[in-house]
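Taking the form predicted on its own, here's one chain by itself in structure tokens.
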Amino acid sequence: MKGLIVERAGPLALIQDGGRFGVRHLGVTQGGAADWVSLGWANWLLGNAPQAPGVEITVGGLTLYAEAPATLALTGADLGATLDDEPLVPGCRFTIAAGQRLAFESPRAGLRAYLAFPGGLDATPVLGSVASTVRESLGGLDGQGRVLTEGDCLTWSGGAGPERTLPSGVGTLPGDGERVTLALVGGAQIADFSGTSVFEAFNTAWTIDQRTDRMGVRLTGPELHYQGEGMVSEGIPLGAVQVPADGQPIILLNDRQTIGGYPRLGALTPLACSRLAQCQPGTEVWLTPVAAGQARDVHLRQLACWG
């Protein structure tokens, strides 16, 4: 079957969908699109289900050659995308003709771009998902979780839905002239941090460290002091904000471990995790407390946008 051929492979272009659920008790992590909101909007532009498989392109370096015409959608980071050397702005649905090349260079804004295909990419699910998890060798085109490499062929079986354009205000990336705030639901150990630490956690700018990947993001800032007793390892949710002995928080993302024993301030909301996934190292972010019920309402409103 004809499709898009990988002519140049970037450092981390992965097949991702909504993630792998119901398997954490097996020690298998969630995976899935780090910026699940951008993947959802890319799929919406084509009339797909929001969790349909697409390509997550981190920091660029990818070139695709079209063997056949297709209607695609691009959202998320601005990685200097071009179609036959003509600029392609994120947040659009577009047509690629046979013989054309779609290229992604390097980040101009954000970190991860999402490319959606009619009906979603063809791949065989592993444990209920095609999400690529390199560390666990699960998912992707070959079921082994590997990154896209030169010569891979991306195919799809569906058709694009009616023409759509993104609603106004959708697709704004962190740092577009505004403070980057990340909503956090307090956790079981938050009361065991010193009062000064809790105040500083929510009233000080944190800087995203160079040590950031799909497993987690390290923050640097004031040293937080945990005063509670030692912990038994417990399950780790998406967005968990762990505080190890050095007092510098680590926010755990899609490819995180399934259990951990560090105390936690709480967890970022799924929407905040999506936002964090687009923040480049050196970006300043602010944590802001939110009630669990409020976070749930906001999350449900996002899901309702896609019908």
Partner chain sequence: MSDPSIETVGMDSLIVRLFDNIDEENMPWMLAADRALREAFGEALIDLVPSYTTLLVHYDIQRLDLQAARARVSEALKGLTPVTSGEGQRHVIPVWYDVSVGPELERIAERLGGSQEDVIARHCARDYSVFALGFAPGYAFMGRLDDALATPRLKTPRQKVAAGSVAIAERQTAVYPTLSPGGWNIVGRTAVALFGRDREGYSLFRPGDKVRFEAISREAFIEQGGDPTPLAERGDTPTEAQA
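Because the structure is predicted, anything quoted here is derived from the model rather than measured. Numbering follows the first chain given and starts at 1.
The same protein also exists as the form predicted in complex with the partner chain; that form is not shown, yet it is the one meant from here on.
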property: Residue 21, heavy atom within 4.5 angstroms of the partner chain in the model of the complex; result: yes
property: Contact of residue 188 with the partner chain in the model of the complex (heavy atom, 4.5 Å); result: yes
property: Close approach of residue 27 to the partner chain in the model of the complex, 4.5 Å, heavy atom; result: yes
property: Non-hydrogen atom contact residue 267 with the partner chain in the model of the complex at 4.5 angstroms; result: yes
property: Interface residue in the model of the complex among 144, 204, 227, 165, criterion: non-hydrogen atom within 4.5 angstroms of the partner chain; result: 144
property: Selected contact from 106, 233, 149, 194, since only one has a non-hydrogen atom within 4.5 angstroms of the partner chain in the model of the complex; result: 233
property: Segment assignment from 39 to 47, 251 to 259, 52 to 60, 66 to 74: heavy atom within 4.5 Å of the partner chain in the model of the complex; result: 251 to 259
property: Contact test, all of 5, 10 and 101, partner the partner chain in the model of the complex, heavy atom 4.5 Å; result: no
property: Any residue of 127 to 142 that, in the model of the complex, places a heavy atom within 4.5 Å of the partner chain; result: 127, 136, 137, 138
